[in-house]
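One chain is shown next in structure tokens, namely the form predicted on its own.
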């Protein structure tokens, strides 16, 4: 790692190997951040890093399942064991199981809640001491409009995202006295591999880059203000 990359602000992105997470990593690299990319699939993660390799500030990858508290603690200890300021954690890692509530298995329920909600809690807890020491920084959680509206066939997913809204707002209150901003982005349908989009027009869907640009905009807010929540919708219903 060069001295220039050590001086660049650090951005941690979970679920960074593809889709929205990768687009966010691209946006942050463009803005000069040093990247720590976190995801479960190490092969996809390395491929994402190769594509981002021209980033002058540096890219590192860390394979981690955010459902596992011990893995998160160990992984984030490695990430934070570097000089430089931690600018932002983007909690993007997520899974979705879509089925009527009466058909959801215990395993699918646990996986969805543990990744989408518990994982955000673990990752945020891991960086908060550093942010408090710095007296500043930003935690950005990627939720969904399913965290605002009922979703037939999406009970587990919606429950995790409604919970994420409560976690985000409560963290913001806990941390704002330290100059730490906590925000949540709630996109509508995004064209990714994440969930089925049968019968929907991909050209009308949000694109991963649309979400990434909102992340960049949130980081541009002056120190005396922060945007707590962004609802992001496609112009035309898909």
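Numbering follows the first chain given and starts at 1. Please read all numbers here as calculations on a predicted model, not as lab measurements.
Another form, the form predicted together with a small molecule, is not on view; read the next lines as being about it.
The putative spot formed by 8, 127 and 220 is not touched by the small molecule in the predicted complex; no residue has a non-hydrogen atom within 4.5 angstroms of it. The small molecule in the predicted complex comes within 4.5 Å of no heavy atom belonging to residue 76. Residue contact with the small molecule in the predicted complex: residue 188 places a heavy atom within 4.5 Å of it.
At the 4.5 Å threshold, heavy atoms of residue 215 stay clear of the small molecule in the predicted complex, well away from it. The small molecule in the predicted complex is approached by residue 95, whose closest heavy atom lies within 4.5 angstroms of it. Only one of 101-109, 82-90, 135-143, 148-156 lies within 4.5 Å of the small molecule in the predicted complex by heavy atoms, and it is 135-143.
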